[in-house]
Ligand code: NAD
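In the block that follows, a single chain appears as C-alpha cells, in the form predicted on its own.
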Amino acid sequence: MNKNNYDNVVKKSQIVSSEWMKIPAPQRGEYIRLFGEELRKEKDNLAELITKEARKIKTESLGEVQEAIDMCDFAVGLSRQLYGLTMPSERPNHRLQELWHPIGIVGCITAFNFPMAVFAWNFCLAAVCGNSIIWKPSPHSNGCAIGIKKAWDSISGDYADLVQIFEGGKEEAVAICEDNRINLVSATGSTQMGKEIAPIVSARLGKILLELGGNNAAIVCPSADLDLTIKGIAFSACGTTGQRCTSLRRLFVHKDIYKDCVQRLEKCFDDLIIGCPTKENSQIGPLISKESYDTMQEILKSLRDKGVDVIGGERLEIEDPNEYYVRPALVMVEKIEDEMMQETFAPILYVKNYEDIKDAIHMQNDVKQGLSSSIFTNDIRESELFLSESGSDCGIANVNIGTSGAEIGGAFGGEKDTGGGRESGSDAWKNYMRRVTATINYGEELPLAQGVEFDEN
C-alpha cells in the first residue's frame, strides 16, 4: 500500500468534509438529487459495468442501478427530515433538546456482489447528513466504482472530493479500520471479514457498521400457494447465482406438501436458463471466481460422501471456458447436516421436511447468522407467530415473498453474526451522525435535576 497516497486521500476527504457540513442539509439534498438524475442518464452504461465485473444478468444489473437512484430520491426527502426530539424538562424554564450533527469521514468497504447499491446506501445518507466518504470497493469491481465516481464528479462542482476511491484489498481495508481520522467504518462482506476488522476498529474505540453474511431460511406451510412459493424460492436461491447475502440457503417444507413441493422445485431448477449474463434470456450467470466454484464443489462432495441426496451442482461448459457456470444444487437432507450451518456463497439449497411450525422456526433460527427469513403461508396464525417475538430472529422477516429483494425504504441488516448493522431506509441515517443532548435554561434560577440541593450559602 502506498501510504502517501492514502494520506492524501484522507486529507482531501477532511478538507471537503469541513466545508460540506456547513451547507444546509436541503442544499446537500439538491446535490444528491442531481446525482440521481445523472445516474438515470447513465443507467444502461452503469448496468453494463456491473454485468461485466460482477457477472450479473442484465435485469439484475439494471435493478441495482435503480436501487442507487432510489436511494438518491430517499435521501433528497431525508435532507429536510433530519429530526431531533424536544423533550419536556423536569425543571421550570428549561428546554431539553436532541441535536444531530455530521460525524466527518465515513470509510465504506463494499463487496463484489452489489458493487454500486451498497455504496449508494452509505453515500446518499452520509452525504445529506453532512459527511464525506472514502470508498474501498471490492477488487472485483473497481470499474463500477470509477463509473459511479464519474457520475458524481459530473454534477458535484467544488465537492468532487466528497467521494474518494481507495482501491486495494485487505491491507487497504485495515488501513481504513486503524485510522482515527475515519469516524465511521461501514463494512459489507463475510462474517469472517467482520470478525477480523471489528477488533481493529474497536481497539481505537471507533464506530463501526457491519453488514455480514446470512444463512437464510424459508418455511413452506401446508396452506401456501405453491405456484407463488416456487417462484419466490427459485429467485431467492438462484438469483445472482446464489451470491447475495440474502440468498436462500435452507428450506423447511411441511411433510404434507413436501413431495409436491420438491417435484416442482426440481422442474423449476431444470428449466432455469443458465448462460452469459449479457444475453437477454439468461437467468443465471457464472460464479465470481474459481475459488467460489471450488468451495461449492467441496461442500457438495462432503455431502455426497455421507450419502446425502444431491441433485445438480455440476459445472457447465458455457462459452468462455475460464468462467464457472454451475447448475444450482438441491440437497435433500433427512437431518441437519454440518454443511447447513455455514454460509456457502453459491446456489446450494438444502431442503428438509417438518411437522410442527415451532420446530421449523427453531431450525430456521438455529444458526449463527440472522439476516433474512421468510414464510409461505395463508394461515394468519402461522404468519403472526413467525413475526412475533417467538418467531424469526432475523433482521428481515418476510411473508409470502422470498428472502432476497429488499426495498430501500426499510432498514436493511441482521442480528447475531450478521453484525447488527442497519443501512438504507427507516432511521438508518442516524448511524452517520452524532447525537447531542442539549439543555437550555431560559430562566433566572438554577434548579438542579432530580431535586438536588447545592446551596452556596
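In case it trips you up, residue 1 is the first one in the sequence shown, and so on. These figures come from a predicted structure and were not determined experimentally.
Not on display, but discussed next: the form predicted together with nicotinamide-adenine-dinucleotide.
- In the predicted bound form, at least one heavy atom of residue 138 sits within 4.5 Å of a heavy atom of nicotinamide-adenine-dinucleotide.
- Interface residue remark: residue 213 is counted as part of the site for nicotinamide-adenine-dinucleotide in the predicted bound form, having a heavy atom within 4.5 Å.
- Contact annotation for residue 386: none of its heavy atoms lies within 4.5 Å of nicotinamide-adenine-dinucleotide in the predicted bound form.
- In the predicted bound form, nicotinamide-adenine-dinucleotide sits within 4.5 Å of a heavy atom belonging to residue 121.
- Taken together, 170, 189 and 371 are fully in contact with nicotinamide-adenine-dinucleotide in the predicted bound form: each brings a heavy atom within 4.5 Å.
- Proximity to nicotinamide-adenine-dinucleotide in the predicted bound form, taken as heavy atoms within 4.5 Å, picks out 192 to 200 from the listed stretches 192 to 200, 349 to 357, 89 to 97, 262 to 270.
- Among 160, 228, 174, 165, the residue placing a heavy atom within 4.5 Å of nicotinamide-adenine-dinucleotide in the predicted bound form is 174.
- Checked against nicotinamide-adenine-dinucleotide in the predicted bound form, the candidates 112, 74, 235, 152 yield a single residue with a heavy atom inside 4.5 Å, and that residue is 112.
- For the stretch 335 to 354, the set of residues having any non-hydrogen atom within 4.5 angstroms of nicotinamide-adenine-dinucleotide in the predicted bound form comprises 343, 345, in sequence order.
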